[in-house]
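As structure tokens, one chain now follows by itself in the form predicted alone.
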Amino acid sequence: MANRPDGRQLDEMRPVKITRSVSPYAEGSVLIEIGGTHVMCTATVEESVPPFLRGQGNGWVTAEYGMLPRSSSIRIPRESATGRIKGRTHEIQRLIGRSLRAVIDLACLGERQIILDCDVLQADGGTRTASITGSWVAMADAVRWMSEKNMIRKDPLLDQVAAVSIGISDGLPVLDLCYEEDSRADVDLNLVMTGTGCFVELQGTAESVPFTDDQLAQMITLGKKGIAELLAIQKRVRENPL
């Protein structure tokens, strides 16, 4: 039986919608909507790489993440106004970058980088996982743009990547937590996986109650189900012409 704020079953994702080419200027862009969480992901191709990669012939993929001031129920001050980036923002940016670099051959890019900007327009839980899932589509479209411009000779994409949140709420394992569930979950876990079923990252924390091996296995099983659904949506969306 369902025991969730929005009436979903324990293994049920929120409605997912990915809209491509939402920015006329970016080389790749999507709006990803997962329930009440909406994130705009834009991909920019730059003819440069960070200093530590110069002269090596390899490219780079990195990410920036931010929440708009009224993406939540209370206003979030802009980090640019405070003069510093919060630790949470650094953590999420690094997670998005690692996840995308796991499925791209950087050598194929040449000395170019793809920058993913993830702007949370509306937050209702799972903003980092939505950012990863949406950014892969934006990055894939940027790669296609590079190919059309004869900037690359070989497709650098090695696989898909998607992410989802899982947790234990009210003693039950649940898939794709909304904010109400996330804010009171006993356990919070973010799962990032490739299209071929390999793990990129597991971020799991006991917020109030430690979890067992069996509970971890249950959460991973739920996560795999959600990831499979997200991968299928990514593939279907990319098969449609812009």
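In case it trips you up, residue 1 is the first one in the sequence shown, and so on. Everything quoted here is computed from the prediction, not taken from an experiment.
Keep in mind that the form predicted together with a further copy of the same chain is missing from the display, and what follows is about it.
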property	result
Options 130 to 138, 149 to 157, 168 to 176, 73 to 81; stretch whose heavy atom lies within 4.5 Å of a further copy of the same chain in the model of the complex	73 to 81
Partner-contacting position among S48, S183, T205, Q56 - heavy atom within 4.5 Å of a further copy of the same chain in the model of the complex	T205
R112 within 4.5 Å of a further copy of the same chain in the model of the complex, heavy atoms	no
a further copy of the same chain contact in the model of the complex: V143, any heavy atom under 4.5 Å	no
In the model of the complex, S23 touching a further copy of the same chain (heavy atom, 4.5 Å)	yes
a further copy of the same chain contact in the model of the complex: M40, any heavy atom under 4.5 Å	yes
Heavy atom within 4.5 Å of a further copy of the same chain in the model of the complex - qualifying residues of 220 to 236	I220, K224
